[in-house]
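The chain below stands alone, shown as structure tokens; this is the form predicted on its own.
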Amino acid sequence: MTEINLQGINETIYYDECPNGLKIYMWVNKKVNTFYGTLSVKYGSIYNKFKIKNKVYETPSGVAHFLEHVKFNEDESTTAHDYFYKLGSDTNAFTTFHYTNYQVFGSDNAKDNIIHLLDFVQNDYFSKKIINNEKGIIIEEAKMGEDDPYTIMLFKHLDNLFKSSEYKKLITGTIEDIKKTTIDDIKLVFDTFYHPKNMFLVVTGNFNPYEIVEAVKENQNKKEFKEFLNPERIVLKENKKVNKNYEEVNVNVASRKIKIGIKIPKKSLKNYDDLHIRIYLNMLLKANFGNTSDFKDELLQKELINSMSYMTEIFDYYVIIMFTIDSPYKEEINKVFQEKFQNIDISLDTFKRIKKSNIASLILEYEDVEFVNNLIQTEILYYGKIIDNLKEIYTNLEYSEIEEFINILDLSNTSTLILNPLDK
């Protein structure tokens, strides 16, 4: 077992790997009485089309989410919930664009819980009866999503940002996608993606890491897996420009919502790796649109907005920034934001303040069991490894570097979505 020492923040991540390729990451906190285990599969909703060697496979949208649901069925009459309930633990799962995550949370019997987490996720039992029974449940969930204003807001905006990308599609798939999903689709993606080499285990909290590693390796050595075939996701060619610059829709919201998205080709930032793109963008967004920014304060003072938030993500070859604003003044808001995008800046004092704040937060982050688990997952998914020198990276940031980043940052490729309340 390897100890990954996080430089400058006095924390350690324990790392090991099973002979079958399953990676294990652990963070121990003896100050708490709980543990949190997650098993992540690098297979999400955007993997609808993939190839193995030269053969192309295609599944209905939503199969990743469908598989997440049926995975809890261990046989025709037993679910994973039954086992964890007896242990006094909670279990759940979720599917994102990029991965599927299975989790267990408890205060006792960490080893037994983690082993059963592996057992039920790696269990290859499926039946037509289970598939058909689950369809009704998933269809109801999809209907709820299609009626939920915030789901509508997100995916309608993604549809306006992207012309071809799989990110436009609901994670659940449509009702028609769900209806046409077969047991063959489920078995195909399970056999292809649910392999130890395509998974990683993260355990955080109060437990003995040596006991967990020994138990996990013993468990994995007893199982047989087919050869991992290294499936390659087929990424659809995407237009550089947004799909639609402006749209208004009427939905069931209490007050008008405005979403403004920015689509930035990654190749325009080719001199920067994903980590530094995220660092610089987050610093700039905090300086220009954060809670302590002059811009947000002015909008609040003028009562132009009730609230605003932002997020940034890297979707394949594009960096996406999305703002969500609660305001009745659609023309004025769109105007002031477009003007602000052309005048992004950060003062030296603000740069130093945010830099200092980011360094301080690194230490504070390592307190909550669930938060640290998610933090480890994020680094593995984004970068394929634990970033053990993040404090050093922040410390070495220079003001001239972020000035150079601003000079090449083009925020002109935007899409605005107005969500108007339904007429009463």
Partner chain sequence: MEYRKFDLNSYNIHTIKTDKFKTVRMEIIFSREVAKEEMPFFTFLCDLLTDTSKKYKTRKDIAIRLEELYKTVFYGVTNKAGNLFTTSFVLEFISPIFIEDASYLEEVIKFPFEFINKPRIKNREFDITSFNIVKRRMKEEIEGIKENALRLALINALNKMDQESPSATRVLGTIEDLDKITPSNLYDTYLELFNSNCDIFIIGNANMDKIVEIIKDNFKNRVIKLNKPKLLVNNKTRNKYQLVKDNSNFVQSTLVMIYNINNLDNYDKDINFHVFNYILGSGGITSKLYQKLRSENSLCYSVRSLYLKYDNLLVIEVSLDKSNVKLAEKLIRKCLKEMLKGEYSEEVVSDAKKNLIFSLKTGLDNNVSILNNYVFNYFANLPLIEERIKGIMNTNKEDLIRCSKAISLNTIYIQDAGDNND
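Positions refer to the first chain, counted from 1. Owing to the predicted nature of the structure, the values given are computational and were not obtained by experimental measurement.
The protein also exists as the form predicted together with the partner chain; that form is not presented, and the subsequent description refers to it.
In summary, among the residues 313, 232, 294, 75, the only one with a non-hydrogen atom within 4.5 Å of the partner chain in the model of the complex is 294. A heavy atom within 4.5 Å of the partner chain in the model of the complex is found for one listed residue only; from 122, 192, 89, 165, this is 89. Put simply, residue 377 is far from the partner chain in the model of the complex: not one heavy atom of it is within 4.5 Å. Of the heavy atoms in residue 31, some are within 4.5 Å of the partner chain in the model of the complex. Shown alone here, residue 356 lies within 4.5 Å of the partner chain in the model of the complex, counting heavy atoms only.
A residue is said to contact a partner when one of its heavy atoms sits within 4.5 Å of a partner heavy atom; residue 366 meets this definition for the partner chain in the model of the complex. With the partner chain left out of view, the stretch that reaches within 4.5 Å of it through heavy atoms in the model of the complex is, among 262-270, 128-136, 195-203, 180-188, 128-136. Contact check at 4.5 Å (heavy atoms) against the partner chain in the model of the complex: none of 209, 218 and 390 pass.
Taking the partner chain as positioned in the model of the complex, the residues of 128-156 that bring a heavy atom within 4.5 Å of it are, in sequence order, 133, 134, 136, 137, 140, 141, 143, 144, 146, 147, 149, 150.
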